[in-house]
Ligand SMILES: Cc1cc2nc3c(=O)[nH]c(=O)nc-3n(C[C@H](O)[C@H](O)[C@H](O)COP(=O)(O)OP(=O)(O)OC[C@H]3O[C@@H](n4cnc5c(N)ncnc54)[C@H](O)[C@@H]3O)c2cc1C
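Next comes just one chain, in structure tokens: the form predicted alone.
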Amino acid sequence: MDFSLSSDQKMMIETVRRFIDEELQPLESKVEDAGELDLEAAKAIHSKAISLGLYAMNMPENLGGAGLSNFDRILCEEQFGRTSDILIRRAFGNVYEPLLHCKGEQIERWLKPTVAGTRTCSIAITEPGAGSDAAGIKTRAEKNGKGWILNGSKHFISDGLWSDFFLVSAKTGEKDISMFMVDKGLAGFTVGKDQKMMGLRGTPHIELFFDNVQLEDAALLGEAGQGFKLAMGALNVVRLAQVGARAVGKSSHVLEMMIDYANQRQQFNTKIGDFQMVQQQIADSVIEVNAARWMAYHAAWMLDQGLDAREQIAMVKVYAAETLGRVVDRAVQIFGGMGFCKELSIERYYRDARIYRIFDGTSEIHRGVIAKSTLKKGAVLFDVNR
């Protein structure tokens, strides 16, 4: 494995970081104060990112995306961690990999417009009784003469107010789960309340209700009964990229702020960075951030080699998420009272970090995956060359 970066990769990282620093970070405090991203500002950054080729970078070039490898995507996602969730979504898009299973008329109706940014979607799997247990959903789709009839509900659907269609998982048999592309505005489809969160200000998390919603045959994504596989495949990439790599990026960003503050802040006529207990917190953070980064790089490398990286991704999800929690907690401690004030962004990072150990599979669920795989496969699970 060679993780040295090419000149093209360095240029890509620099371009993404500059866009984040110049276009997105200046909007963060406004989003935090208002609790939402101004619609005109959202449209502006959405359009600018598309014009710069920064939108849907995970999609193939022949569809209008950047065609990034998994490793290149992780490099970008790490930079995404330097700003707020809602700003990432507006600028870089939510173009989920299951859409690549579109065929025939679906390509022109849903896939290509989503890659181009003229249509937007959210993925709708979670239900009140089915969080980590994605197979435990109750939403059902029954076949009829016109297509499918959809009934049920979803909640915690991120960014659902902006989206104009949803990738919805539904039972289509006793055990079979299928995935459907469900457009807003269909009869019987109701958008519920925005469930306010501790963090992630500006990103709506809405409820969806389906009451005898008639779906045409073309709404079925992939094959009937393939939905759980599509959902898990999407979540696997999300866990590595949107959770693991972004957690590394956010941790690194917070660490930079800690270092700057420790070099400037003085107590007892001494920079606090000269205090051994502060140095220990910084050293521990450096060690953990770099360990999480290399874990993410290795998992992405495995995917690019066509290897099964599920256990490695589970490790990244746990370790990167918990590293972020520890790093921001140390940052609050080092910044002291100012770290607890809304005047500084550290307080926001502290709140935002908490969800990383919960969404897309809790730390406990992923520890179970790792333990079961280890007990079954033994030490081979930890062989970096497998």
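All residue numbers are counted from 1 along the displayed sequence. Worth saying up front: this structure is predicted, and the values here are computed from it rather than measured.
This protein has a second form, the form predicted together with the ligand, left out of what is shown; the following refers to that one.
Though the partner is left out of this view, H205 does reach within 4.5 Å of the ligand in the predicted bound form, counting heavy atoms only. Under a 4.5 angstroms non-hydrogen atom cutoff, the ligand in the predicted bound form has D360 among its neighbouring residues. In the predicted bound form, the ligand lies farther than 4.5 Å from every heavy atom of V369. In the predicted bound form, L230 stays away from the ligand, with no heavy atom inside 4.5 Å.
With the partner removed from view, the residue among S132, N151, Q279, Q106 that has a non-hydrogen atom within 4.5 Å of the ligand in the predicted bound form turns out to be S132. This chain is displayed alone, yet in the predicted bound form one of M258, A170, A124, V248 has a heavy atom within 4.5 Å of the ligand; that residue is A124. Only one segment in the set 155-163, 215-223, 76-84, 186-194 has any non-hydrogen atom within 4.5 angstroms of the ligand in the predicted bound form, and it is 155-163.
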